[in-house]
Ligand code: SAM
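One chain follows as structure tokens, the form predicted on its own.
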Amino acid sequence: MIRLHTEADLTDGAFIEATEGQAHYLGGVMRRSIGDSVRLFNGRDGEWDGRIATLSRGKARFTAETQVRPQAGDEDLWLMFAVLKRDTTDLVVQKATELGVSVLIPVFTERTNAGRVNLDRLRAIAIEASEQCERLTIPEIRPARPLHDTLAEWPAGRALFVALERADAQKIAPASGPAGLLIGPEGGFGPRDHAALDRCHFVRPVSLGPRILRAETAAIAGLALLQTSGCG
């Protein structure tokens, strides 16, 4: 079953305009035709069975028919991560979406090598991941900012677990409320990063095990461990 995200409201009998990319995907890639079934979701109205009402070059329209899943809330888990090379950042966004992260926060750290973040690209990756993993929502992706600025605005009641390599830190433990995970850049946090983290009472240093992990691996492992620990 093809699942597609839409910004439109989903109600019984509603007509939904496809994006140009969706129309190309349906007709040119998947070879679908008028009358074929699709699944639709928008992050608000649950998941709906629908059908292709019209399909031509670069254009398509769907008809929403029946709600098959009611809307459900996401786990309240945030991921803050140092901006990495483009392909690696793409992978972190994709896997974090699959793991149910509700908010993604890219940051620039002392040792960050990348200079910019394409939010439109990252949102497109998150949408595709949500479509394929049967998630009902798209995570919020915030603009990239310096780490110390993001820490200054971090909600006081939300614990921030910081994965630290080569540190005598405790393993991730169950969280009693909303939480986030911070993954640093390749090469680890710099002295100014550590100083900024040390000033924050909500920071919880944690270990992801005895081995030194690549940043993208650390993000996936840390999120899985937080969920296993009962976070959210």
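Residue numbers run from 1 along the displayed sequence. None of the values given here were measured: they were computed from a predicted structure.
Note that the form predicted together with S-adenosylmethionine isn't included here; everything after this is about it.
The stretch among 26-34, 178-186, 48-56, 61-69 whose residues place heavy atoms within 4.5 Å of S-adenosylmethionine in the predicted complex is 178-186.
Although the partner is absent here, A218 sits close enough that one of its heavy atoms falls within 4.5 Å of S-adenosylmethionine in the predicted complex. Contact between I16 and S-adenosylmethionine in the predicted complex is not found at the 4.5 Å heavy atom cutoff.
The closest non-hydrogen atom of A224 lies beyond 4.5 Å of S-adenosylmethionine in the predicted complex. At the 4.5 Å threshold, heavy atoms of L164 reach S-adenosylmethionine in the predicted complex.
Shown without its partner, the chain has no residue in segment 133-147 with a non-hydrogen atom within 4.5 angstroms of S-adenosylmethionine in the predicted complex.
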